[in-house]
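Next up is one chain by itself, shown in structure tokens, the form predicted alone.
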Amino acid sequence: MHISDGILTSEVAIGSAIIATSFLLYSFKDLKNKNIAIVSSMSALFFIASFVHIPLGFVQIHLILIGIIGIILGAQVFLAIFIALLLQATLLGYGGISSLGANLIIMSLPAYLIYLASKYGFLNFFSEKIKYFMIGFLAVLLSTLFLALILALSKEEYLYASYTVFLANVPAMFIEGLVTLFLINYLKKSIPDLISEAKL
């Protein structure tokens, strides 16, 4: 799901960096001292979840858990995932510095959109368990679509690669949906205040 350095054209890299910076500044708007610990925790969760690789034929997919992280953090998801992506790029070589803005959009914007959809009741026509599944499923679906779009915008020859990326991530959508279903059920029983703002 990460785009490495040298993949994007300079126009797309700069444009996505400007957009991502706007979202990052927006995430500071309502950041309070009491929220810093949970933002840090969710940043660590995203960082660690990326290590859970699942072999699937000729590719490997990995968890990102952006649906549940978005539900918990709301607008602060941009800050949490930015920190994790920066550490992954500098310490592990996942993604890259020049593609950091694009990667932040790909991972964070779907999480925030899912948070808004949940908060304003757009997912309420699903039954409870299906809704929890869809939070994980739709977050990865949107993330994959953003990834494919950014690749296609960068170079025409990436269009076919974006189809492959989308198909390779279809199993990840279902796995993330199931993991998110169990995580939300657990949180509702053990720490209900953590997801109260999302109105689940």
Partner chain sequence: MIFLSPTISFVSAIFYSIFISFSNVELLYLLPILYVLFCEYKNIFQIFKRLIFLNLFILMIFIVLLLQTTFEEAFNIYLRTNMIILFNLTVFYRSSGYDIVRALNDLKFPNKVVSSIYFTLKMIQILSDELKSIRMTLRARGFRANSSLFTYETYGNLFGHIFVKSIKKAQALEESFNLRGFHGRIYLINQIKISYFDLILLFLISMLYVKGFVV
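Positions refer to the first chain, counted from 1. Quantities reported herein were computed from a predicted structural model and do not represent experimental measurements.
Only in words, not in the display: the form predicted together with its partner chain, which the text now covers.
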{"property": "Heavy atom within 4.5 Å of its partner chain in the predicted bound form - the one residue of L153, L31, L145, V170 that qualifies", "result": "L31"}
{"property": "Triplet S4, I38 and Y94 all within 4.5 Å of its partner chain in the predicted bound form via a heavy atom", "result": "yes"}
{"property": "Partner contact for L109 in the predicted bound form: its partner chain, 4.5 angstroms, heavy atom", "result": "no"}
{"property": "Interface membership of L194, its partner chain in the predicted bound form, 4.5 Å heavy atom rule", "result": "yes"}
{"property": "Contact test in the predicted bound form: L183 vs its partner chain, heavy atoms, 4.5 Å", "result": "yes"}
{"property": "In the predicted bound form, I135 touching its partner chain (heavy atom, 4.5 Å)", "result": "no"}
{"property": "Members of 160 to 177 lying within 4.5 angstroms of its partner chain, judged by heavy atom, in the predicted bound form", "result": "Y160, A161, T164, V165, I175"}
